[in-house]
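Have a look below at one chain only, the form predicted on its own, in structure tokens format.
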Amino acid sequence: MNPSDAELFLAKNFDRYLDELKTLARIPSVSFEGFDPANVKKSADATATLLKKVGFENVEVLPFEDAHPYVYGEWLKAGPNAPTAVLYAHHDVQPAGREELWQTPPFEPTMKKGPGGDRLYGRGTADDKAGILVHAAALDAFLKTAGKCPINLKVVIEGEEEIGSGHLEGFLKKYAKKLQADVIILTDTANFDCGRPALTVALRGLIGVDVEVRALTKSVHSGMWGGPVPDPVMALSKMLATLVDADGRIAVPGIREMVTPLTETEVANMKKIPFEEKLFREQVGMVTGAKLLPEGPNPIAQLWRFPSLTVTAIQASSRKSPANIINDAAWARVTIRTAPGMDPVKTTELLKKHLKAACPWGLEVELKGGDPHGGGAWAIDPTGPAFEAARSSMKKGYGEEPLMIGCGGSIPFVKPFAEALGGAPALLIGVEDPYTNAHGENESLLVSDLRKACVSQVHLFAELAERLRK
């Protein structure tokens, strides 16, 4: 089956696909607690409508306990000798964050010039509703031109990836038979740069702990009581300061010792990854005087091969109305991105133990969090016919050889799904780039890379059909 006709169809109909993405991105499908779950259900329904429109069959919104809805569909007419691929993306999104910092309305996708060219701004335009669109467009292009797809497809669009995929293990167990396949194509990662494709072959894990320090049963006047009464905000600050050393590296005893040492081959491969400090600083938006905190042979590789600790939120009083008080309590969320070799359960236990021991002045400490079923890092050997197909198809779509990179972020779906499918190769492909700002304000998608990703997906289906035919 010649994918050239499908590629031409994609080019002629790309604006229509872009409109479909805008429709999905207008739905504020935030899966976090405290946001209206009806919007996530609305997003699932809109996703199901799109999948049906492009030709997926047996499309359904799959219920599972009290999870946000998954969407499932399939196209299984390529024949018994053709390989079967599971396609993954997620339709839930992060909260908008600080809306005053958005240059465009967060849930009204808006086209404007940005790094790399025309970009579509809006929450979910890249992470990860673009992933849904890539899967849908590729099947649509084949069905509208050849009348069939060269491989069998099963598509799963998750509704709670942004909150850690907490129900995924049970979901996989319940639907294991339905989801069996030869390869997984997961469209929820990033390219190395604008126009420079990448296959992600490693992910850090993630654990998080909420810590609350309490000094009082109520907030009190700082003038009337300040001095003899301990300040829980200062106590929490002192505790957080002990978590890293002067170079920003994790200082909690026992954590870094778990990290698997680098091999000579890893070091050699890391040195091949392009790194320009000026560009790196520009991409992340570092202020002029801020120093990089490098570790290992390459700061890019550091993002997935070494652990990091971040205080993702902190709260005591209100920034808008800071009263002259001693706060009754202070709270923070501390997260650690886990690297290869780190046991997530042990990491969580060590972090909690350290925080409790570091609390000064006899104040009360409450520690919550730490999922014993998640948090582990993941990596795969990028060899074999599936990866050969991916590399070839991405070169055809982008005109550039893809880099083999890791990702500093965590995708809870990958490891359990790959294991549930008996170790099926997982191809992690994305449409984000270093300027996307996923999870932050002004999230955006480079439109030209979305087009290239769709073309690559068409070629990937064709290449997998040739290389994995039974």
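Residue positions are given as counts along the sequence shown, with the first one as 1. Computed from a predicted structure; not experimentally measured.
Not pictured, yet referred to below: the form predicted in complex with a small molecule.
- Annotated contacts: 161, 337 and 432 all touch the small molecule in the predicted bound form [non-hydrogen atom within 4.5 angstroms].
- This chain appears without its partner; in the predicted bound form, the one residue of 51, 27, 411, 426 with a heavy atom within 4.5 Å of the small molecule is 411.
- Here is the short version: of 186, 239, 155, 190, the single residue with a heavy atom within 4.5 Å of the small molecule in the predicted bound form is 190.
- Exactly one of the stretches 338-346, 162-170, 219-227, 138-146 approaches the small molecule in the predicted bound form with heavy atoms within 4.5 Å, and it is 162-170.
- The closest heavy atom approach of residue 206 to the small molecule in the predicted bound form falls within 4.5 Å.
- Within this chain, residue 40 is remote from the site of the small molecule in the predicted bound form, having no heavy atom within 4.5 Å.
- Contact between residue 90 and the small molecule in the predicted bound form is found at the 4.5 Å heavy atom cutoff.
- Contact annotation for residue 44: none of its heavy atoms lies within 4.5 Å of the small molecule in the predicted bound form.
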